[in-house]
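As structure tokens, one chain now follows by itself in the form predicted on its own.
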Amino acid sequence: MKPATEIAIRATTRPVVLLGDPVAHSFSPLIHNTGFRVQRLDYVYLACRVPRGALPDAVAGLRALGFAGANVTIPHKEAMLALVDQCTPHAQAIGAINTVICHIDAQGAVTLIGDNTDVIGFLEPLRPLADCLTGAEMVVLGAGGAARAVVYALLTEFRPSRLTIAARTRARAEAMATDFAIYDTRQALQIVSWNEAAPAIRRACLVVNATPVGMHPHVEASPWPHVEDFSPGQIVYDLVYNPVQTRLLREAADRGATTIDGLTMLIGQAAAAYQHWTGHTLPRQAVQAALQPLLQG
């Protein structure tokens, strides 16, 4: 038997892949391959850059090549809906997919099942703060696939009194508000343009960055560089995880805000996907140890 420190690639090894553009920054291969190695599972995780127009071909490859599944990231989470055979209730409600499970039956027929584990990962660090978040005012920066998971999670978990979506593309935000109207029981949703978001941010208990702004290699960028709008008592949550401490989080912390980085969400959503593919629980302690050198760097 191979020692647990080695990864063995065999003819029986089933691949899992991250589909996105870009993917070079991703920690997902390290997270999942650490789990496979520690638990001696016959899988391997790869990251593949897939431009927008190539997504259907990539999905056809999942069907043809015996993949166990996939993760889906920017810019494909919404487009993936039309390419799978089935969706879980979460994915259907959100209108975005971040995880695909490839089910192969006894006759070799492949069924692609789309799920959204972002909700689980996103809520994980917020649930201990439920007392102050329930019924509070909130702001979400962005209106893409990640933002859809965030808005759905906040509406269904905390029933905010006001949930402001700040979007550069108003039509996407309006479509999201229409899709989620059934969950907006307090008529909390409002849409503002990016340059109109400052009053809502100043009032908000929770501000969430659901855009990729500030992600490696553009580490000096911030989705909201107006640091005077942050204050003690606020929670600022950045879904970007590489770098872990983004400019947004550093500047919000300097103003006294409580900050939450994207790494907790990343590991939480990864654990749910890992369970789907393997039937095993992600060994989080080993994953954290594997990530530590990168976080220190």
Ligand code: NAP
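One-based numbering along the sequence shown. Since we're looking at a predicted model, the values are computed, not measured.
What follows is about the form predicted together with this ligand, which we do not show.
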Worksheet item: Using 4.5 Å between non-hydrogen atoms, is residue 240 touching this ligand in the predicted bound form?
Response: yes
Fill in: Non-hydrogen atom contact residue 213 with this ligand in the predicted bound form at 4.5 angstroms
yes
Practice prompt. Examine residue 125 and determine whether its closest non-hydrogen atom to this ligand in the predicted bound form is within 4.5 angstroms.
Written response: no
Worksheet item: Is residue 35 close to this ligand in the predicted bound form, meaning a heavy atom pair under 4.5 Å apart or at it?
Response: no
Worksheet item: Out of 226, 186, 203, 168, which one falls within 4.5 Å of this ligand in the predicted bound form, going by heavy atoms?
Response: 168
Worksheet item: Though this ligand is not shown, can you say which of 138, 143, 80, 197 has a heavy atom within 4.5 Å of it in the predicted bound form?
Response: 143
Worksheet item: Quick one: which of 168-176, 88-96, 125-133, 154-162 gets within 4.5 Å of this ligand in the predicted bound form, going by heavy atoms?
Response: 168-176
Worksheet item: Is this ligand close enough to 15, 110 and 112 in the predicted bound form that each of the three has a heavy atom within 4.5 Å of it?
Response: no
Discussion item. Within 4.5 Å of this ligand in the predicted bound form, counting any non-hydrogen atom, which residues from 243-271 show up?
Written reply: 262, 265, 266, 269
